[in-house]
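One chain follows as structure tokens, the form predicted alone.
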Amino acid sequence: MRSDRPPPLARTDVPDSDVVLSSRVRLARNLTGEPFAHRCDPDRSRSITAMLRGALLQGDLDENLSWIDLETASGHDKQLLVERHLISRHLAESTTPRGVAVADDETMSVMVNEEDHIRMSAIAAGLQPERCLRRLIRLDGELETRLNWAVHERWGYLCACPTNVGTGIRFSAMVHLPALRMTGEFAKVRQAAKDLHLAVRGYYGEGSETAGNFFQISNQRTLGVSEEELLDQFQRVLIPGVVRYERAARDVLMDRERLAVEDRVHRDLAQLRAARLLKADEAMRRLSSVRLGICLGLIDEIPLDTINALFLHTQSAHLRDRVGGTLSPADARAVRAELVRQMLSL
């Protein structure tokens, strides 16, 4: 893994990038005649991993994929993959034979032996789930010519978790909702999401904490509806609704509390430019405030894509790569502060 690669999600010339950092689509598939991943013994898991690795690395796929063996990968490399949203924490922490195939541009990955035998995932900056879905449908079709997926004529694709049975598809968007948190309206959005069968999770997905006012919102319904119907609802109704709520909350803040917002944004920017020690959670919190200030037009000297990149490069594994070795917690705070000062310098 190259931690110095510019993050593909730093782009801001894409739809709704002020609120939606990224879109992701995931397809879950399992092999017919094989036990689900959590029911496999190590030998069977290793055999399935080898089979799927061979199918993914055949040269006639449209995607150029590179294989990473997670059974032998270092903890540092696995953490890099988690921070770059290429594998889940669950896969990184598993002890079974497993791996991941990653596209050259790091906007697609295929996890092997996570919860399902295969989980294909494509990601794009801003609100572009249709672009992700087209890539996955193409890859799924190519793999289906050489692998036999477990499919039921009534229930659709069979998955380890019943909530994924049917299409096996999951749409998600990483959204930045600082104004909804500041106005106290976020609880209403969470309740509305629940009523619409949407899951609201933290920065790294299921089981993770909220960081920098970022949330992953995804569909929970996969049975009895087509991929196209799910896409249309997600892209045209659900996420645009969240975007409107956040923008309305930003308008309220600017109308009623503009001076307080300006004070908070510029104080946080000043703190980031002056800090010599910076913890990860403080960096995310203050960068979130600066990102809001840029989107509101209160800061014009810092590109939004610089802030987006900092959310990634201030994570622990990326900092270790920056110095080329291990870091104590105190040293990590110093390196993080130095990086932030450098990228936000006047």
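What you see is a predicted model; the values in this text were computed from it and never measured. Residues carry their position along the shown sequence, with the first being 1.
Note that the form predicted in complex with another copy of the chain isn't included here; everything after this is about it.
Contact test in the predicted bound form: residue 320 vs another copy of the chain, heavy atoms, 4.5 Å: No, residue 320 sits far enough from another copy of the chain in the predicted bound form that none of its heavy atoms falls within 4.5 Å.
Partner contact for residue 227 in the predicted bound form: another copy of the chain, 4.5 angstroms, heavy atom: Although another copy of the chain is absent here, residue 227 would stay clear of it in the predicted bound form, with no heavy atoms inside 4.5 Å.
Partner proximity in the predicted bound form: residue 277 to another copy of the chain, non-hydrogen atom cutoff 4.5 Å: Output for residue 277 is yes: heavy atoms within 4.5 Å of another copy of the chain.
is_contact(residue 286, another copy of the chain) in the predicted bound form, heavy atom dist at most 4.5 Å: Yes, residue 286 is a contact residue.
Another copy of the chain in the predicted bound form: contacting segment from 253-261, 91-99, 180-188, 160-168, heavy atom within 4.5 Å: After filtering at 4.5 Å, what remains is 253-261.
Check all three, 270, 282 and 334, heavy atom within 4.5 Å of another copy of the chain in the predicted bound form: Yes: 270, 282 and 334 each sit within 4.5 Å of another copy of the chain in the predicted bound form.
Answer option from 146, 266, 247, 134, heavy atom within 4.5 Å of another copy of the chain in the predicted bound form: Selected option: 266.
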